[in-house]
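Both blocks below hold the same protein chain, though in two forms, and each is given as structure tokens: structure 1 and structure 2.
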Structure 1
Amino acid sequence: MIISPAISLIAAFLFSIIVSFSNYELYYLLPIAFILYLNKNNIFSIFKSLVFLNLFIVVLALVLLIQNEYEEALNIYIRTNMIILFNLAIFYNSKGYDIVRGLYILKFPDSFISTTYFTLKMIENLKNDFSNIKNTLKARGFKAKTNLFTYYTFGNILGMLFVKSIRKSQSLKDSFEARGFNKKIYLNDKFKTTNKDILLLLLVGIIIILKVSL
């Protein structure tokens, strides 16, 4: 991640709050522009994800348009896209473990942090398992269609993933317990605040001050 994990979480939370509950303003673009600048090599992929995530927002905006709520439709459409764009850019390239570190630094409860950590481990495993199963099905000439056989196959695949994930998480937990695990995992919480972190917080602070004072 380009910004430190705890700062990313704080910035995402503050930015989302201020933009979510007010009308859109041009100066909201300040922190977005900064984060996009830091991610300038990945701008295309970030916008691609934004377009994909637009479906639900477009439907809601259309519903408001049908009811002649033009201003509100535009307001919701723009500010929701602003928040999604900011969050996509700030967590771009994150594998999730930095988010766990962020939660750890922000002193979230031990059980929450360790379950999140185990979840990420499981997601990695399940992703690999699912991709292997998909390749096997492809090799056997399976084509997903709207029929009971397809649903039976998917039901069994999910059952298999379910059983595998339980077994794997159990063995992961056993190996942790052998090392004295008791709900708490210890992570490296030493991080240096860089100029980028300070600048981002400053920009988010500026939009909060502008919103409150104007």
Structure 2
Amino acid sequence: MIISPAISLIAAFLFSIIVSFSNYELYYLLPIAFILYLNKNNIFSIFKSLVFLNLFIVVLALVLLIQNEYEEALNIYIRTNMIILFNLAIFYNSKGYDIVRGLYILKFPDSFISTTYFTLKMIENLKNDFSNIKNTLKARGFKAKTNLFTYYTFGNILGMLFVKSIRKSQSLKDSFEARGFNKKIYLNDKFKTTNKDILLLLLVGIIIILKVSL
């Protein structure tokens, strides 16, 4: 990650909280611009993901527009995009396990860290299984259509994924119990603050101060 996992979590939490509970302001763009600058080589991919997620945000804004709450619809639309864009940019290069590292550095309870780790592990396994099944279907010439065969196939896939996830979670549990797992994961990680970390926290701190004082 371009920013330390712990600092990323803190910055994402503070930024999301301050933007969620206030009207949008132009100075909210300061930390976003900084993170996008650090991710300048991936800006296109980040905005591509943002456009995809906008499908859901637009629906939310449309509901408010139907209720004639134009200002609130615009406010929520912009604020939601700001929060998503900031978090997309800050965690763009993360595979999810950086969140576990961040929680570990911030001294979260051991059970919470291990639960987060195993949840991410299972999501990764399910994603790999789904990808393998999809490739197998493609190799067999399967094409999704609006017919009973397609629905039957998707139903089978969901069932297989569900059964596989149960079996894998049980295998993982047995494996860790056999190794004397005591609900604690030990990570070899040293916290090192960089100038980028400090600058990001400074920018987030500035928007909090401006919001409180203005």
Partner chain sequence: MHISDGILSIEVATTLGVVAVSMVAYSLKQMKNENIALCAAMSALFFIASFIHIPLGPTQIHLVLVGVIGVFLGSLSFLSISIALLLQATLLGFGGVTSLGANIIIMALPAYLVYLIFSLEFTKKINEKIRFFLVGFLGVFFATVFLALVLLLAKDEYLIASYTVIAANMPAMILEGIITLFLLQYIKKSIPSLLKSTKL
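Take the two forms, superpose them, and find the largest set of C-alpha atoms that agree within 1.5 Å; that set is the rigid core. Only a predicted model underlies this, so the values are computations on that prediction, with no experimental measurement involved. Just so we're on the same page, residue numbers count up from 1 along structure 1's sequence.
Chemist: When you get a sec, tell me if the form predicted alone is 1 or 2.
Modeler: Structure 2.
Chemist: Of 50, 180, 67, 24, which marks the hinge as one rigid part swings against the other between structure 1 and structure 2?
Modeler: Where the C-alphas swap which rigid part they fit better, we find 180.
Chemist: Through what angle, in whole degrees, does the smaller rigid part rotate relative to the larger one between structure 1 and structure 2?
Modeler: Relative rotation between structure 1 and structure 2 amounts to 10 degrees.
Chemist: Following alignment on the rigid core, what Cα displacement (Å) is computed for residue 170 between structure 1 and structure 2?
Modeler: That residue's C-alpha sits 4.7 Å away in the other form.
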